[in-house]
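First, one chain by itself in C-alpha cells, the form predicted on its own.
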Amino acid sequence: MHNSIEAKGLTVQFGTVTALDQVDISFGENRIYGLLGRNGAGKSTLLNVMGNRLYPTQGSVSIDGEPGAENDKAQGKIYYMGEKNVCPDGTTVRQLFRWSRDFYPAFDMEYANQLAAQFGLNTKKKLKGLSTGYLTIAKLIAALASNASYVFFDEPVLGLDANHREMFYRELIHRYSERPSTIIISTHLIEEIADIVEQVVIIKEGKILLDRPAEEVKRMGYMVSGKASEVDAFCAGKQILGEDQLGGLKSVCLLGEPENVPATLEIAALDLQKLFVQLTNA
C-alpha cells in the first residue's frame, strides 16, 4: 500500500529479550493513531525501527512503497519527537527550529515562532537550560511545525502541566485539521488522547494485540455491576475481561454489547483506558 508506513515481520531482539515479535502493522495516510502498551511492551522499539534509529533482527519497513532503512528520501517524510534530547550542548531553541528547517524544507518557521510565543517559550534560551516541561514544548513545536507526512510523538507531554497539555492537544487537532498528516501518539496518558485518536493500536509483549478504529473499540465492551450472585448469573457464558469484588458487590468487564440486562444490575460504558487495562492484564 502506498501513502503508508508498513512493517512486515518485524522482530527485534536484545540478547534474550524479544522486544518485537513478528509484527505486521500499517499506518495509513492522514490518520491519528494511539499507540498503546504497558512499559516494555515494544512501543518505542517499533517507532525507532520505523524511524531508522534501530535495526530490526528480522523484517522490513516500507514508507510510501519505498524501503525505509537507510533511505534518506523516505526517512525525510518522518519527524520523530522522542523523550531524549539529541541536540549538542549549547543548542538554542532558535537553532533547533533552524536545523529542523534544514532537514524538513516544509518547516513553518513563522508558525513555530507563533507557537513559542503562545507557550511562553524563549527561543533565545539554550535547550539544556530549559525545564523538563519547556524542553518538551520546544520539541513539540518543532514537530508540529515540521509539516512532515508522518509525525511520531513518543510520550509527548512529559513534564507538562495540565494547562500546557491541554494547549498541545488543542493545537494538535487544529494543525491536523488544517494540514492533515499521519500522527502516531505513544503515551501512557490514555484518558487524555481517547477523544483524539482515530485508530487504536495496542502492543502487548512485543505483539500487536489490537488494531481497530477508535469508534469500534469504544463499542467493544461494557461493565456490569451489582449483587455478586446476580452479576455471576448474568455473565455466565459471556466473554469476561476482568472482575472486581468488594463484599457482596461485584463489577465485571465484558466484551460485546449489553443485552437483556436485569433492572437490578447497573451497566456502564467501558472507556478506552479501562479496556486497555483489562486487555493487557488478561
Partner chain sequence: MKIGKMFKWYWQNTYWGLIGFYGAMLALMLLGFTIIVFSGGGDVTMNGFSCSSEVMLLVMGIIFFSAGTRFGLSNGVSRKTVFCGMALFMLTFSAGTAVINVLGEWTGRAMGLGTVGIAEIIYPWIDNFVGRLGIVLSRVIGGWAMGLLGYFIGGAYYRMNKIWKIIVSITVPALLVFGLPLLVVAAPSSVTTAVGKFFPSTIDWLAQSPYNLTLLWLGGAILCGIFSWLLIRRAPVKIAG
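Positions refer to the first chain, counted from 1. All of these numbers come straight from a predicted model, not from anything done at the bench.
There is another form of this protein, the form predicted in complex with its partner chain, and it is not shown here; the text below is about that form.
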Its partner chain in the predicted bound form reached by all of Q118, R170 and P180, non-hydrogen atom within 4.5 Å = no
Any idea which of 182 to 190, 149 to 157, 109 to 117, 86 to 94 reaches within 4.5 Å of its partner chain in the predicted bound form, heavy atoms considered?
-> 86 to 94
Quick one: from E70, D244, E216, E257, grab the residue that has a heavy atom within 4.5 Å of its partner chain in the predicted bound form.
-> E70
Picking from K238, R53, K227, R31, the single residue whose non-hydrogen atoms come within 4.5 angstroms of its partner chain in the predicted bound form is R53
In the predicted bound form, does D102 have a heavy atom within 4.5 Å of its partner chain?
-> yes
Close approach of G133 to its partner chain in the predicted bound form, 4.5 Å, heavy atom = no
May I ask you to state whether G76 is within 4.5 Å of its partner chain in the predicted bound form, using heavy atom distances?
-> yes
